[in-house]
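Next up: just one chain, as structure tokens, the form predicted on its own.
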């Protein structure tokens, strides 16, 4: 298919662009296969380059011969285009709708994007399982790298290399996989070097109404326990939801078959509920016609902050079991690709200071989200404005980033990165020129040949000139476990995402700039103090021989 077939009117002059807190721009609107571009001849005017993939929905309005298109984006931006001529407006609108809803992954922009920067580091090699396993081997000899899934036949959503207990052979892994939803048998997520406890993740067991069991699965998770120790199974579903799953062939671990494990049920919402929560939240944030009480009521009705609280609470529980109780943990929900990954990755941020660095956080996303099989292509197909009927869309990754922001806000000196990095990940998960978030699992990315045909997001982010804007000026390495508060008054609305386009950030930007200047000035003064101390010590040393009788 040629993109030209979908573009009925490639160019219109005299278009007015309206954006929040920015002056109106008049210019020429151009449509290409992947971008909506508005350029102006006015001096010092910023051009608009908008990926069609970033467009969630559009609305058309007409007053006489003047047409208006309201473009609602997946990054929650809303812009207005005033287009002279009804026919031109209708043509532009239908072209945008067609180009922003292409189903074929291979027609997406990452396959056509050619970077203007030199690729110094290949981001596709950011996380290499063999290298990560060497670090694990230096701490323990109880694990091995298995190639049981090398052709993705045992579990389509798992990567080809998996870390499993050394005493469990591949045949047992295959039997355990047949007992878990989607073949997602328990694998290592995190090793806590302080006490040797581990966190594993999986999907629900397929016990069904007959109480089916699997000796290999029992042996697999028991292999992670030390002698005389008990473990915790954290099921991210309520007991009622888990009971209902049994009727559909799923279920949970029976105490009689897993006597060394205590099962704890939490209440993290399913993906379809989360999508509705996001829609209500964005609707509340965009509605400025109500009183404060009414606005707060709408905010509460969205249940977004309740979802943040429940996910953080569950992550804190997992971290507490590992660090304070000295117990190993298995985390799963239904599929093991959504709430499970939220919990395991947040628990690691709480426990492991390496995950609070830029590189460590990138590796965490690569390992616990991309390689662990979170279906980004499905979950991020639509955002809060889409008019289409939701299919598998859900803001699972955005909720994770929101939880990270909550911890970052409570521990502002413990993270090497600032919220700009989190916002950037949110934007690129929904629409990007890079191939990192395309596909739903490693198997799909291998089939699409993303590492050969597209550029990795990490190749761009890790360039020194880009890293600079993601650095937190308050950062002081903190090797301690950090325990975030989940009290309602401690959890705030993430204004950097949800109110970003609804109010000017000028004052906040100026405050951040001033903070950076103060920190730099403080460093200068500290260097002067150190220099004067050295000079004083040197003078005292020179004077002491003269004072000797």
Partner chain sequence: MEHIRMPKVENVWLVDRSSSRRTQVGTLYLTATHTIFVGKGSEDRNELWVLHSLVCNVVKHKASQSGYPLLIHCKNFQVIQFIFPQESDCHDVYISLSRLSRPEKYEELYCFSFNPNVGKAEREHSWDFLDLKAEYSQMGLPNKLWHVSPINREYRVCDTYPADLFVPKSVTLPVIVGSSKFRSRGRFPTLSYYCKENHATICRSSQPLSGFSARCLEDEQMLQAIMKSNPESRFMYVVDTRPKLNAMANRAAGKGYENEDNYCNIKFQFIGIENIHVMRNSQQKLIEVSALRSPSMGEFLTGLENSDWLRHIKSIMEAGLFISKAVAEEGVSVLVHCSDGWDRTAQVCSVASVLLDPYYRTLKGLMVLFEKDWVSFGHRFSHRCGHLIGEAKEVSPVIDQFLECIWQLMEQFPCAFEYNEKFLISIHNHIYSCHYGNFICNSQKERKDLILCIIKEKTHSIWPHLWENKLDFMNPLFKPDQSQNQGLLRPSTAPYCFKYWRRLYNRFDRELHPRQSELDSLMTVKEETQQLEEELALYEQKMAVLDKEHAKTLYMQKGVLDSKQALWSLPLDTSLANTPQDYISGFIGGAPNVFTLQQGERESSGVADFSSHSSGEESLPSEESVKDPDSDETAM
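Rigid core: the largest C-alpha set superposing within 1.5 Å between the two forms. Numbering follows the first chain given and starts at 1. Because the structure is predicted, anything quoted here is derived from the model rather than measured.
Although it is not shown, the form predicted together with its partner chain is what the next lines describe.
With the partner omitted here, the residue from 131, 103, 476, 141 that has a non-hydrogen atom within 4.5 angstroms of its partner chain in the model of the complex is 476. Contact with its partner chain in the model of the complex, defined as a heavy atom within 4.5 Å, holds for exactly one of 270, 150, 463, 263, namely 263. Among heavy atoms of residue 523, some come within 4.5 Å of its partner chain in the model of the complex. At a distance threshold of 4.5 angstroms between non-hydrogen atoms, residue 42 is out of contact with its partner chain in the model of the complex. Taking non-hydrogen atoms only, residue 483 approaches its partner chain to within 4.5 angstroms in the model of the complex. Although the partner is absent here, residue 542 lies within 4.5 Å of its partner chain in the model of the complex, judged by heavy atoms. Contact with its partner chain in the model of the complex, defined as any heavy atom within 4.5 Å, is confined among 108-116, 362-370, 287-295, 178-186 to 287-295. Heavy atoms of no residue among 47, 145 and 354 are located within 4.5 Å of its partner chain in the model of the complex. Shown here without its partner chain, the chain has no residue in 65-99 lying with a heavy atom within 4.5 Å of that partner in the model of the complex. After superposing the rigid core, the C-alpha of residue 513 moves by less than 2 Å between this form and the one not shown. Once both forms are fitted on their core, a CA shift of 2 Å or more is seen for residue 530 between this form and the one not shown.
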